[in-house]
Every structure is written in C-alpha cells, then in structure tokens.
Ligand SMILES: NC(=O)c1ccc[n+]([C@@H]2O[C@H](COP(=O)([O-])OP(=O)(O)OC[C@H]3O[C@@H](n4cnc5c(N)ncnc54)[C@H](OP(=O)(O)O)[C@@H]3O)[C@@H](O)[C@H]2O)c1
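In the block that follows, a single chain appears as structure tokens, in the form predicted on its own.
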Amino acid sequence: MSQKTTVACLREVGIPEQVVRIEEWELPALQPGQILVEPLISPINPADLNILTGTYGSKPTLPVVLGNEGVGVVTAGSLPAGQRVLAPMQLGWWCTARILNAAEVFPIPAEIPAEVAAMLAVNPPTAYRMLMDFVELKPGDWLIQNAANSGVGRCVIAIAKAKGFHTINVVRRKELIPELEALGADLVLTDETPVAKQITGKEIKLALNAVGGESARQIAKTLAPHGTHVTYGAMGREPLRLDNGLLIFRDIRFRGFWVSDWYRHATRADIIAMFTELRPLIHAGKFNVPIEQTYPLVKIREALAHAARAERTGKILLSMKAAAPA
C-alpha cells in the first residue's frame, strides 16, 4: 500500500502566506538504505521565508516541500523504529511523512525535547563555526555581535561562555539586557547610542553581523586592527556600510558565512565532531530558545504571517501532529 503525506509546498514564489499550499502527496516505495520518517516539530527560520519569496541564496526546483530544519522519528526502513533523527540542511520538514537516506541523518536522544532538537541543525552550528573558523580566539579574548537575542546570538553567548571568550552583545530593546546577562553575556548594549562610542579599552578580534546597515558599521568600528567582521544575516535589509579607514588604516577583514555551504563541503566526520563538542551544551539546555507559539501544519499560513512580524519574543514552530490552537 502506498504511503501518503500531507505537505506544505511551494509551486511559485511570492508573499509567503499567499503562495504556500497544503497538499497531499504520495511517497515512493522505500529503497535499500532509506528510512521513513514522521516529522515532529520544525521551526520557521528566516531562510524558509526567503525561500518562499525567492530571495534565498539557493533556489530549489519547484514544486518543493518546505522546511529546512526539524526533528522526526523513524517509522520504517534501515534504522530502528522509534529513533529520533536530524537531517541537517535537508529541505522538506513541513510534512507528516518523508523518506530520507539513512546515511544522511544523525540520531538525537529522546530525552532532548523535540522543540529543542528541532532547532539544533542551524543555529548552534552557525554560532560554533563562526567562533572557530575565522579567528583563533583564546580564553579571555573579546568578540562583539549584533542581533544578540536571535537564535544564533544566544548560541554564540553559550558557546563563548563555555570556551572562556568574552561577548559584547548589541540589542534593540533594554528589556533584553537581564535575559542575555542571565545566559552568560559579559556586556549587553542597546543601539540607541552609537555602539562604537560605548566601548573603550577592549581589544575586540571578531564581530558577528546579522543585521547590516549602520548596525554592521558600528560593530566594525569597535574592532582592533586586523580584526575580522563576519556577516551571516541581513535582518535589517540594508547593505553593509564600510568606512574606507577601516580597510586602509586598520585592515579590517570582511567575510561572510553561510552554514548551508559549510554543510555542503563538510564530511560526516566533520559534522559528528562538531555535534560531539556541542553535546554537553545541548544536554545542559544552553541552546534552548524562547518559543512564542506553535501552530499545526494546517495553520501554516497563519504561522508564516506570525513569523514575519518584526517584533516577536520567540520562535514560531510547526507541529505536524498538534491540534489547532485555541
């Protein structure tokens, strides 16, 4: 008997809540080395919204099942039934059943809450790779980031704290300061006053930018000579603004990072090694992020509209089995 799956799919790009479609698809028969997985939870990430609008760095062949991150449970195939798995950067989590290659998934312990496990493949690796791959930071070194209350920003704080790095964290709202300090942030600033004017006496080697525009310029100005500025997001929808003097007189290096590209070139051993190092922080709950609301898959349009709001206090999740919210 054929297996059917309910999917949230994309057939043409546009306004996310207008172009997403709920359809029923038929899955092909399982082949050797494959597994049948029932997705449990998946977040709505900025990358998902960009795929829907056609502005993401890579464009999938349409039609496509959406959702670039999630956790699911194996129900059939070459891995034990009941095993929870991740499949980093495997698009297609917004559905009730999917087929994956067993060699491309990674087991996740059942004791990790599904809501946490569903958000482990993008934000913690993004934070980890930026901290490890651009500058050789040592305990006691300083770094700065904007969008510090984002999912990646919170992971940066947790990993940096564990490694003895000091973080300066820029946010837009004062009420976020105690929350980030409780996570281990060394210094939290708002951008009401130019950030570069608020920081003195610190040799900052690394800046992490997820905003662009004036925010990116301000954190670049705090860097020590030969410092590195890494852009991984553009929440402000504005291009980078660079002072000539940062390049000429201070030799600031401007780089970019895209975790999808890292996964594309990483070996399975690379990925296992990374998650092995992150495992203690995962089990300690250091990567738990606030969740504002969870929607069932059939409410995908409402969920996308909610995820696109500028002011949110947490992530928007999709549950493939949840009842409609009251």
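In this text, residue numbers run from 1 along the sequence as written. Bear in mind that the values here come from a model prediction, so they are computed numbers and not experimental data.
What comes next is about the form predicted in complex with the named molecule, which does not appear here.
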{"property": "Residues Asn123, Ala210 and Glu311 all lining the named molecule in the predicted complex, heavy atom within 4.5 Å", "result": "yes"}
{"property": "Location of the named molecule contact in the predicted complex, chosen stretch of 96 to 104, 192 to 200, 145 to 153, 80 to 88 [non-hydrogen atom, 4.5 Å]", "result": "145 to 153"}
{"property": "Touches the named molecule in the predicted complex: Gln34 (any heavy atom, 4.5 Å)", "result": "no"}
{"property": "Contact of Arg173 with the named molecule in the predicted complex (heavy atom, 4.5 Å)", "result": "yes"}
{"property": "Residue contact check: Gly184 to the named molecule in the predicted complex, 4.5 Å heavy atom", "result": "no"}
{"property": "Residue contact check: Gly233 to the named molecule in the predicted complex, 4.5 Å heavy atom", "result": "yes"}
{"property": "Residues of 29 to 61 having any heavy atom within 4.5 Å of the named molecule in the predicted complex, listed in sequence order", "result": "Asn45, Pro46, Ala47"}
